[in-house]
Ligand code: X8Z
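Just the one chain here, laid out as structure tokens, in the form predicted alone.
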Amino acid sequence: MKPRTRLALSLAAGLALAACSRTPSTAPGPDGTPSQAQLEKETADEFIARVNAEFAQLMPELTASQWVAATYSNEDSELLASKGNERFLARMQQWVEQSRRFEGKEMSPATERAIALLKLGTAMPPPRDPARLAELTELASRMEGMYARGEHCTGEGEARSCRQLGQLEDVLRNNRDYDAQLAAWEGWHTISKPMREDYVRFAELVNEGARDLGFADAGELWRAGYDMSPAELSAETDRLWSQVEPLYEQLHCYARTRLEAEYPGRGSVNGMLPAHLMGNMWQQDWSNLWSLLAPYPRATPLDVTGALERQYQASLNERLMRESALLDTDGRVEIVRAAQLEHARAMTRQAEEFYTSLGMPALPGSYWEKSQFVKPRDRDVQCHASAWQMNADATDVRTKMCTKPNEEDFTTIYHELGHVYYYLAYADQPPLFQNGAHDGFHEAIGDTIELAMTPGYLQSIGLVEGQAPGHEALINAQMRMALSKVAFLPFGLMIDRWRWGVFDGSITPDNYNKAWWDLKARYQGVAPVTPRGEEFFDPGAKYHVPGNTPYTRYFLSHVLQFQFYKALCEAAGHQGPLNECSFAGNKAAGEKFWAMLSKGNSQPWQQTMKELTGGEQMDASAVLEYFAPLQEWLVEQNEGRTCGWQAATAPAAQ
């Protein structure tokens, strides 16, 4: 998730222009906005030039308040973020209202596109009433704060023990005990219960704002931002899912068989995968189940996590040896933290080297000074990884993570730097064009790089041993990637299917949780093993719901990244199976990639797509080409088994 996308998408409406007097004033407003007389003389091109200038001026205040709220999470920082967002949204509403006077008039194509993006670029459109605008921003900040400070506590008094998300995720990642995993999973899902009432009101307010902009509801507004109609976008995602669904079903069938062998009688729920056993709090990535799902465990392992942990431990031991053996507890804690920070920076430097090997610039010095690399000891923060563009000229870019030495976080760094390099590439565009060609493009950049992190690449940077060529090594490598990429696809689809239903009223507040699990069953084939009634608000246990970040972008990115990857491999002159390509160090591929990134959102995404790939349509055929060896292997493994699941069957309590 990247806040710059969220920022651009939260450019919303809140306050209408003040009523005009009969005699227009020629003096600017107290906040520097043009007078009514000045507005009447302004051309459409002049209007957009002014909006871009004002946007650039206002942006640092908004991003700074959001950064503080994310990295110093408390009620005070929530208030600052809420008020900063409120002021910015009010100005955005003024711009939207002012733009209406140019409807039907001639203007340059660039200005016409900028005005359209101004009206569409809002994931959180507030109502015009200033009081409701303030209420909306307060709700948004409060829900994000609940998530950031969420923890599950047990016991009382001196026996009281509390665990935050990272600690609970560690249980799912490392502990194969059925009951321990269930306790950790259920524990995190308690933190979202207080959000339910706030989210009901939040949905009402953003729907009101969407209607003020001429949309039926907020979901329709979200779907309108893809250079196609909302109905076309819905149909497009259905079409893409139909292409990849058979591959997911084979992976699901294989995983279920392995889980049923590991947990006899408890490894499935009516043919579905138990939610707490998938190694991930939301079942969106199954990589942590490698020990159970590895096709050929005796083949040379791709143990990236083990290599990273060994590197970290060596660095820590070296630091400890340099210090006195009589260190007190606080001194040792500080040394451990210094080692964690040093290793997180080293992991990030490694990711940066991939981008610079393509001919892209080094990260600015301020990035290393201002980013959050590890979880601070002294305060609550949002550990959800994100990338930040703090100002319009991208001289201040950052990432925020609570990095640990494991494969998941290592690849996440490559993903987040994809956002950062997009910021750097389109920094010369006007602010209204500083975004991805569509939001799925932004999410796909770093993941395209991740696809090029082949076993050969990982070996070249010392994270895995040499891979013996052969069928077993190939299937292991394919499975490693599928547990991340293929397992994610239905999850990337269902979150916005839930929110679209909430916004259009087909999912009512008294069915929030049931509808959530119905969709998870339908698309993911995942179910809880204990009843999840309406006293819970399980959608809120996923950051992007309280954070109001549209999620279809992630589904689209998991298709686009394979298209981008194939195009860059072709640019690099790769010959052979697609899954063997790494374009690391190839300047021709880097030049083509950078050219695409530099366009930002200045033209329809179809044109940007054509310039990179030669085609104008999103297509999952590259996904299927990449995973063809694995899909054939999975079909063989699943032969004779009954695959699929009955999504309409209610999960039984275990």
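Bear in mind the structure is a predicted one, so any value in this text is a computation, not a measurement. Residue indices: 1-based, along the sequence shown.
The same protein also exists as the form predicted in complex with the ligand; that form is not shown, yet it is the one meant from here on.
Segments offered: 259-267, 220-228, 454-462, 380-388. Contacting the ligand in the predicted bound form at heavy atom distances within 4.5 Å is 380-388. The shortest heavy atom separation between H415 and the ligand in the predicted bound form is within 4.5 Å. Taking non-hydrogen atoms only, Q284 approaches the ligand to within 4.5 angstroms in the predicted bound form.
A residue is said to contact a partner when one of its heavy atoms sits within 4.5 Å of a partner heavy atom; K542 meets this definition for the ligand in the predicted bound form. Using a 4.5 angstroms limit between non-hydrogen atoms, Y554 touches the ligand in the predicted bound form.
Among the residues Y355, F562, F488, Y426, the one placing a heavy atom within 4.5 Å of the ligand in the predicted bound form is F488. Contact with the ligand in the predicted bound form, judged by any heavy atom within 4.5 Å, is made by just one of H276, H419, H252, R398: H419. Along 422-448, a single residue, E443, places a heavy atom within 4.5 Å of the ligand in the predicted bound form.
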